[in-house]
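This document starts with two versions of one protein chain, written out as structure tokens and named structure 1 and structure 2.
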Structure 1
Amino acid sequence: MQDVPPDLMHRLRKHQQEHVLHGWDQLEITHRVALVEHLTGIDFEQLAHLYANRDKSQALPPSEQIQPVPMIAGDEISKEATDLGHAALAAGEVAVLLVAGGQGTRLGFDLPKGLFKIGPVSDKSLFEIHADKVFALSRKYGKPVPLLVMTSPVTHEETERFFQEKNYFGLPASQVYFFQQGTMPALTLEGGKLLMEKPGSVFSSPNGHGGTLTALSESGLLDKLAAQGIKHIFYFQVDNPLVRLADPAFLGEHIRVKSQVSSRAIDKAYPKEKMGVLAVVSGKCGIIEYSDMPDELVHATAPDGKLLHRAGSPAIHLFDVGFLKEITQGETRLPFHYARKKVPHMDTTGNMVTPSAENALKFEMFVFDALPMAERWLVVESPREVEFAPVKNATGVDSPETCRQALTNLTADWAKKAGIRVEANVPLEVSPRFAMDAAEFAARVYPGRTITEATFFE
């Protein structure tokens, strides 16, 4: 018979969380073991500290200390710099990191978001489109580009199974590395108590994309990659099939200026667009969440009439491996952000409760909190239509419909540049294995053709 270890019992009492043992006597032995293991891993001191500070605002400094971020346009990057990017890829110094641990609540899709079919003609999943890019990059440079896939307990099993079933989309299995981010329990808004999702199971959720950095280090993967000679890690999100993976110009400029973290920026579509904004905050590069940006800065304009803070973040970064080691292997920790959410749970009498108002505090780390830790950084601008079309919502902005249209528009643009006429508003798509950019595309097609029906270039 499994008992609660005395040390755990002591900690539960100290933090007034003994209610999680409600119904212990009725629990099967395997559930008791799992519960003890979960509870043992919880840092109650940290939770108590987070709860005690819940009303302290994670305030930004005064607006005068928030300056627009200096940027270089992608097409202004020199050939010499771009060649450094090509050389790093050819030397096998680059890995790409796909974060796919999120719950995808807004999209409302039952499976991990990477399984969502997005190809406007091919119907390929987000995962397949990303894997095809990794395949094309590896083939082009004659060196396998490691694909690091970060999952969470919410997405791990199905993600790994999907890759296995699809034969890793033609990549050698040894080129794909899965690692899991951590989770954080939620606390009740009133009282700071842990919530039970069912008997013997404490509600917790992924600890935010900021969990990537700790997980990368704690899984041992960061050291392993460094030992393999990987120097740069390209970070991107599962929901953006437009992303230009390890674009050599971006990479080359990052190497040339010895940047520790480099970020892509795209023009915000309108002042109140819900995307983080890159800015210089108290002398360091950072990203300010849209909800935290003071109104006067949201609307401020520059002398050229454009928004002063127009540098929207598509969540695309390049990290120097040495920098990642520095910030993950010492005492440094990314801060937790608070979110007030409705969390269904089991009450102390064993009944399920579906709250009608926010009842819980969730805690998440954001990857961009690592940016201000860098002494040397870089921001490279790109046009939105070649870089960013995320699938966030089921309908409306940033939905599957707008994303498929963006993939079609990009293909139409490459086709026109290659001398192909596009005469109908039909779905179009290019496989990354066929071409990764307009120049590669033009080299593979004959001009003069007219497109009148849905076309997949593969």
Structure 2
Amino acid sequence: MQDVPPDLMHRLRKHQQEHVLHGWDQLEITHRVALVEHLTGIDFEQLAHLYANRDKSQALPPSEQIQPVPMIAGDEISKEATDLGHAALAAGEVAVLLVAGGQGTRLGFDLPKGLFKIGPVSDKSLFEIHADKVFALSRKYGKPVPLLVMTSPVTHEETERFFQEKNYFGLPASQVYFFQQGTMPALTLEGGKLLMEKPGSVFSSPNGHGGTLTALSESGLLDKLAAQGIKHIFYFQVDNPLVRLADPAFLGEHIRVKSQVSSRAIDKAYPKEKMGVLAVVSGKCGIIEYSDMPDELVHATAPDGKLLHRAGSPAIHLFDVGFLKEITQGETRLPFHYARKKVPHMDTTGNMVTPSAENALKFEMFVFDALPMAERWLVVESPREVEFAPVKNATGVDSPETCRQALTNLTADWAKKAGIRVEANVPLEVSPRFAMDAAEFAARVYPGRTITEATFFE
């Protein structure tokens, strides 16, 4: 075909993927260029290997090889370890990675989820609450804490524009880094063919939350951060405004034991709560998807009556930068998982097809696959009420209502500890710029007052 680069044509023929050029002659020049760029970036050898191994089992080992994960409680961490965390922040050795590739579809919100307003009094967005925490950390320790914002092709432009319009929430623009999660083409279940969305457009989808780590490396940002002296990256998700960013105790214990990857854990609220479970799998720390956990282990209890496998994962991790380099490059990079899905597509005659059954393989990397790669790891338990209140659903569990209540409850707890009386059902909120913990809060308020109306401490 005219204007198709010969080397690309050779690769397409070699892998029997020439059908992606259907309608080439009718494409405008800009669409041809875009298609060539996309196809040139596809690793056809990798796709062929993935397809050839599509039926290999990725099942869990027998239940007897799955043990409860050993944990340390956050309040058991020594002062000496906490001081190491303070020192690392003061030395400018810590960056925070905000995973923000999704839209708020389940919330009935068609924009990037980070734009969703969640402050119970301030009405601040998730992005602003997290940015305020980064601002407060940077101010407290006198060193800029780089904010790494991972987006996706569907959220990138709107996310960048939002930060620009809000003047980066008071952060220097040079302190905020945006990078996009990678994508992967899907293949047909029968024959391993690329699927087309429309003429000149190959169907691709996000390559999983593990793609955050590989994108950090492939974008060159990981090397740039290492050159700046960053040694530790704190990983968290945009939908959890309660997360304690780079908590010095957690960070310090991570440093003290020379952990390659450290994870937060919270008590599962009930056996079948929809969250991953931290466990020791065949001698390695890992996370098991709630849907994959054997039923007998889901309901198993310890002698104290608590769930045996109670270590729920709120998707909060600390990574050693050197370890991230190891698991995102070459033969040791994160593996792909397979998902069979229904994918609407254009057939070889140019007609759109809406499948009634699974017709495609999607490929995703999971961030929790990094954990078993670590020789040295750590799990630190944290109370749910101070660490985890995600916004996932429009109503019910993990909804805006429950999240705003959790933010109010945390502020009320700090206020009561500081000697302030709070009347029932009063919305409360504290800006991270005002205080990042109960001690800071108590140092900035006067005891003895009574709060009777909605209050925002800022």
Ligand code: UTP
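By convention here, residues take numbers in order along the sequence of structure 1, the first being 1. This is a predicted model, so every value here is computed, not measured. Heads up, when I say rigid core I mean the largest set of C-alphas that superpose within 1.5 Å between the two forms.
Q: Would you check which of the pair is the form predicted together with this ligand?
A: Of the two, structure 1 is the form predicted together with this ligand.
Q: Under a superposition restricted to the rigid core, does Ser205 display a Cα displacement of 2 angstroms or more between the two structures?
A: After core superposition, the displacement of the Ser205 C-alpha between the two structures reaches the 2 Å mark, so yes.
Q: Please check if Gln103 moves between the two structures, taking a CA shift of 2 Å or more relative to the superposed core as movement.
A: Indeed, Gln103 is displaced by 2 Å or more.
Q: Indicate whether Gln46 shows a C-alpha shift of 2 Å or more between the two structures, with the rigid core used for the fit.
A: Indeed, Gln46 is displaced by 2 Å or more.
Q: If I align on the rigid core, how far apart are the two C-alpha positions of Val36 between the two structures? Answer in Å.
A: A shift of 3.5 Å.
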